[in-house]
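Let's start with one chain on its own, the form predicted alone, as structure tokens.
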């Protein structure tokens, strides 16, 4: 779709204006944007050619955009207008992309529901009584509803891949360092990845082609050459070795998801893939979520110490600098964020660093070692992205200490612990709502990930899915 759009130069203006008008119309139903951007000015200075010539896109609202409000979904940043563009914005503009929205997100990218944004929750296009998932839920909703063919997200635990599952689209978290993070408001620096949503594997290939590459302003970005992802796309599964994530498969409780996943694995075998089951240490599996919480919240507490109403953020009144900071942070942050900062601060206390923060880092290494054992033998690790379709907005029934939650709903964080490429693609539907399957591959082996994803797309037929918003 992106390729066809970019070639259709004549209709670029009409296409972008139509997308903007659709975004305005659906905003009342989905609340998926924080800021809508009239594309008229961008269309006047549109460069010739490019992979995204005249293609409307959306950016998660933690991506800095010069002269355009960038809130990261938080009240404390509701007055922040950056003076520079993030590197990915510069890249996309050079390729001719037209930005029509800054999408809704969980506050400061902390959350998996997209219910914590200061402008209210983003709603699922397939069923507006359900969550989009988070933290990149607004971006996912804008792609799933057909407003844009590609939207930028960020992924620290599964913040692209879970919303992709709930919204029936492709969600890509490439290898750590594959895309520059310069100009992205951080959550946890050792876990944060820039990624994106599309409605097809071909569009996912084109998007990474446009976004990838070294950036000297992000010292974690890679010098590795960027392959021609689309040119290398090949769905031949002969000789491919695929590992089913056994711990996740065993912890599934939804019979429909189990059956759907089993049929998909059988179909991959019929296409020539060798499919086995691989088990991780069960003890390490149950340690994934607490390990993630400790590392992520400690890093977030450090990263966001400047949001105090003095250096950054909306300033509340107070009789002293200390009182101004207390009032600004108390009113500027939602309850979930304040809770996470308490956890992070506790983990960073000098007396706690060895027994908590550094211990979590050691457990992270053990988990990555398990993944390396798997990917030393197999091309891909695969599992359902979730046990169920998107939860209802008021659903509080999940037991967050059960195996079904600890393992099934949190296993994708292994892609952040390792930095390896991971992608969710649509697998099927339950109750009229989508559910996805997740793939994780070796570092910088996005080519294999896309090829297996393409085979799955051909098996399911779920390409260019668009929800009809009611």
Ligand code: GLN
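Numbering follows the first chain given and starts at 1. Please read all numbers here as calculations on a predicted model, not as lab measurements.
Just so it is clear, the following notes concern the form predicted together with the ligand, a form of the same protein that is not shown.
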| item | value |
| --- | --- |
| Contact of residue 109 with the ligand in the predicted complex (heavy atom, 4.5 Å) | yes |
| Residue 195, heavy atom within 4.5 angstroms of the ligand in the predicted complex | no |
| 4.5 angstroms heavy atom contact with the ligand in the predicted complex for residue 157 | yes |
| Contact label in the predicted complex: residue 340 to the ligand, heavy atom within 4.5 Å | yes |
| Listed residue (229, 126, 245, 292) with a non-hydrogen atom within 4.5 angstroms of the ligand in the predicted complex | 292 |
| Candidate from 176, 187, 261, 333 lying within 4.5 Å of the ligand in the predicted complex - any heavy atom | 187 |
| Heavy atom contact within 4.5 Å of the ligand in the predicted complex, the stretch among 196-204, 376-384, 268-276, 109-117 | 109-117 |
| Residues within 4.5 Å of the ligand in the predicted complex, restricted to 125-146 and counted by heavy atom | 135 |
